[in-house]
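Same chain, two forms, each on its own as structure tokens: structure 1, then structure 2.
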Structure 1
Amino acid sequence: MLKKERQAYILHQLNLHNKVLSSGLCEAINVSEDTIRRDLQELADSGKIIKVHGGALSLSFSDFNLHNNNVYGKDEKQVIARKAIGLIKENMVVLTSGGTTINELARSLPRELKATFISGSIPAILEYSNHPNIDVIVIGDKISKNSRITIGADAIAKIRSLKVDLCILGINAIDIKHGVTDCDWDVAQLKKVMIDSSQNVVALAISEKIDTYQPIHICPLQNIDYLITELNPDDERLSAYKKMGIQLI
């Protein structure tokens, strides 16, 4: 694979999953760590990615700008957000993860909605706090600079003490064999306990993430009640998930 092709692949994976690991890129592209390291450095020097230890982040993590224009698939994520709002009922207690799709959901909530939102995502919390009728509970602990979300034992313990009406997860990858997966260990541990602490679990994913997987397992498909994409629920690409008993929206 030529350098231009490698770097295009890296950018696409970053746009799709927000984070890439150097080890995963080496395996996927079948090149050395030195090659990937040089590619990441060139992309970072040209302002296209954020290089971090062991991999890279997309530009959506470049700052706390709530209206960041570097969001990949923004139109699709706005469609998903509008669909997800239909599941949020008056006076519900809702637990949400981080991610750009969750941010779109947070800023799209109807002004008249009265509910309680619990999150450790800094951008989502700021959006919720601007809503006139939303009560906000912050899950506090150490902040992950990679994901802009609180992580660690204290955050996990607080989430374990909850039993909420609805958990809404922005997910990185989902497929029939592996279920829901991620590439961030700390975030994956949070999502596991979020699922366990919720009566119903909603997964939000643009269609490009369907039938993809990442190295860290979060849960089997049986733990997901709803899957929301920008696609029509009857789209053939989602048929296998419907057969698994997941409600498609």
Structure 2
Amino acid sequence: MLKKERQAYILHQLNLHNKVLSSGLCEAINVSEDTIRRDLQELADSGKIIKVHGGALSLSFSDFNLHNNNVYGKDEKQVIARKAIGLIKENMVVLTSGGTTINELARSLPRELKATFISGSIPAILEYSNHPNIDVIVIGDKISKNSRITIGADAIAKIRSLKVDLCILGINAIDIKHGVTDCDWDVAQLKKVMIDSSQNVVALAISEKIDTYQPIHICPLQNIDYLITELNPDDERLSAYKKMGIQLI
């Protein structure tokens, strides 16, 4: 493994977990601890990381004002992201919505995964396009300031013209009676079309959104193939959804 490559790997790990251990890295990359130390030293000298005894910390650890750190429920979302990644197979075409859970997913994609991602979410696109093996297709239209995704007739028409393998939605609310619901009309329209254009639909939600609902209807539960939360699939809070035929992960 080349030096730059190693350092990129370290930075990536650091973005993901906010900390790395020298010991862990030299294990993972299979080089001597001295080499890791020197890499960390270099990265620290160029101001990309904060070196500490035994490893290093990400910069965003200190200035906790930065975007990805104060995401609400970050740990849960990382768990969800990891589970969702398991559903993405080689060379799939995947359509994703916006939202912080999706961003977490985008950031955690393994380097070696080859796939095509289609999205209108600016933060997600940015993450996807950092990945070397992922083709990214952008849904164009006007950007909605709140949600940082493209919305409008063009976006909807474009999505409608697709037929992809997998659709991964970060959802705002789901319950037995109303199905999947949302609070933003434009976003809801988009999600509807995304569901129609996909073979399989995956819903990502942290557990506190389970059994809640919002004013705008997106789809009934029948349209959802997988529901991913940070909970164990056997958790009783999810049993009702299992009965509806949704696969829990």
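When a residue number appears, read it as a position in the sequence of structure 1, where counting begins at 1. Keep in mind the model is a prediction, meaning the values are calculated, not measured. Whichever C-alpha set is largest while still superposing within 1.5 Å between the two forms counts as the rigid core.
Look at both copies of the chain and name the one that is the form predicted alone. Note: form predicted alone is structure 1; the other is not.
For L43, decide whether the Cα shift between structure 1 and structure 2 is 2 Å or greater, given a superposition on the rigid core. Shift of 2 Å or more: yes.
Compare the position of the CA of H12 between structure 1 and structure 2 after a rigid core fit and state whether the shift reaches 2 Å. The answer is yes; the displacement is at least 2 Å.
Core superposed first: is there a CA shift of 2 Å or greater at C183 between structure 1 and structure 2? No.
Displacement in Å of the C-alpha of V52 between structure 1 and structure 2, rigid core kept as reference: Reported C-alpha shift between structure 1 and structure 2: 41.5 Å at V52.
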